[in-house]
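Take a look at this single chain, the form predicted on its own, given in structure tokens.
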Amino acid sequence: MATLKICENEKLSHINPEVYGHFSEHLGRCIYEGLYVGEESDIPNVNGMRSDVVAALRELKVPVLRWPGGCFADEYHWEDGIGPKENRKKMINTHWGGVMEDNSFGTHEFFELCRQIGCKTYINGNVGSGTVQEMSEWVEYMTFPGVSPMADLRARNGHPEPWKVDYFGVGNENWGCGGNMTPEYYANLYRRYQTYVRHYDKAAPIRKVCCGANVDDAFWTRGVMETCFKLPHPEHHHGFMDALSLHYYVHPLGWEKKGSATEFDEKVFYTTMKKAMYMEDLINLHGGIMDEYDPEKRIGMSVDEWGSWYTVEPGTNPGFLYQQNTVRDALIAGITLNIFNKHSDRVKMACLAQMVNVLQAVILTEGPEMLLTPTYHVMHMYRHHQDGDLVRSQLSGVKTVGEGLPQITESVSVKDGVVTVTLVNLSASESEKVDIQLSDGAYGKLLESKIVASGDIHDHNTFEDKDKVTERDWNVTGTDKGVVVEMPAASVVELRLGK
């Protein structure tokens, strides 16, 4: 039996709600069919947004949504997506499937979607193929409260009041699809472009996100930090940025082959778990470089693309990145979110890729039908960590599985007098008991005990069987110091303890 000792009164760092953020790109059926069906659709909607999907996302407590990309962001020209829809430009989405993009979902629609979900906004600007003027005018269009050309244009398009842009990404993956730039070149462009992302509302400034590394590219991180932080003026302690991004996807068989979402053996399963655990190494790698320039951790790390990336489902457009979502993905989500929680002193935002119908989606749709994936149910359990304080916790007596992986991972937070514990059992075949011990007897009341698990690591939800893998109540045994929970193989458990 493993033991988890919790020092519930020893707070280490704050878990930003934005760590549980999401990503929506003009890719496949994420926006169109997934989130947006148009006002004339027979599918129930409010101002074109699918009512069933919005309701599910509200229940998930989505804190922030990133848009319009992704690679799409650096070929997106925002003025194509405003004004009467019949007049909007049509284009070919060259990155994703070569399909027609009619721009019927644009700036106004994005802010309407976020209003309905009740989340913060994260806009990604175009550095790769866009101009400084274009980015500057987009910020003005969205946020300027007075009389100006762009504010007047916004009013003529039906929205006199400015919106709130919470986060603004200055470019995306500029080391690759966003322009194939060198770190120094991009960093100098970043310094230039971000100058014109104006804070028109001084009381609520836009937080600027600088493009960080792909996976383990320390050369990029150091080059960008060196250029943006070795500054002549001592007041420029932020280096003009509020966050530096990191992108990492789990490819079980590597970037080229990737592997099936539903057909895999135990060896591939454990390779997947190892690659999910690698997220911690990446945070330590890039965080260590950031620490050299920013030891006070004023700059956040934004892991604004993460999740599993498999070979697309048979018979689907390879450019749509549509994949199924199994118990294995539930474990990836649990492992990754535990890592983010444990590094919440540096990781201040993260966005699961992607929200609907693409990659490790929380929701899949098919015409008027919708289902919730195993990943959805894990993120629903973990929502209680949002805005909590990470507290010290330590596992002992943990067995190893696969290639020397710990069988159990965990994170613990405290919020509003409640301790939330989340645990993942990485074993494909073995259950394990965990003795959870708190440092004093104050938290003796079990408020909630939930589990996401199934009988097989390949299990997933389909439109014929939508609840094969779901979140359900789970029994635990009370002790003098806490509780003992038995974790089935390949399971994610959440417990909430109150006074």
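Note that this is a predicted model, so its numbers are computed, not measured. Residue numbers run from 1 along the displayed sequence.
Absent from the display: the form predicted in complex with a small molecule. The rest refers to it.
*Asks:* Is residue 325 a contact residue for the small molecule in the model of the complex, using a 4.5 Å heavy atom cut-off?
*Replies:* Judged by the heavy-atom cut-off of 4.5 Å, residue 325 is well away from the small molecule in the model of the complex.
*Asks:* I'd like to check something about residue 71: if you look in the model of the complex, is any of its heavy atoms closer than or equal to 4.5 Å to a heavy atom of the small molecule?
*Replies:* Taking the distances in the model of the complex, the answer for residue 71 is yes, it comes within 4.5 Å of the small molecule.
*Asks:* Counting only non-hydrogen atoms and a 4.5 angstroms cut-off, does residue 27 reach the small molecule in the model of the complex?
*Replies:* Answer yes; at least one heavy atom of residue 27 falls within 4.5 Å of the small molecule in the model of the complex.
*Asks:* Against the small molecule in the model of the complex, would residue 349 count as a contact residue? Criterion: heavy atoms within 4.5 Å.
*Replies:* No - in the model of the complex, heavy atoms of residue 349 and the small molecule never come within 4.5 Å of each other.
*Asks:* Scan 110, 163, 229, 96 and let me know which has any heavy atom within 4.5 Å of the small molecule in the model of the complex.
*Replies:* Checked against the cut-off, the match is 96.
*Asks:* Within 4.5 Å of the small molecule in the model of the complex, heavy atoms considered, which of 359, 209, 187, 117?
*Replies:* Exactly one residue meets the criterion: 359.
*Asks:* Heavy atoms within 4.5 Å of the small molecule in the model of the complex: which stretch among 78 to 86, 338 to 346, 246 to 254, 194 to 202?
*Replies:* Going through the listed ranges, the match is 246 to 254.
*Asks:* Indicate whether the candidate residues 172, 321 and 354 are all in contact with the small molecule in the model of the complex, with contact defined as any heavy atom within 4.5 Å.
*Replies:* Yes: each residue has a heavy atom within 4.5 Å of the partner.
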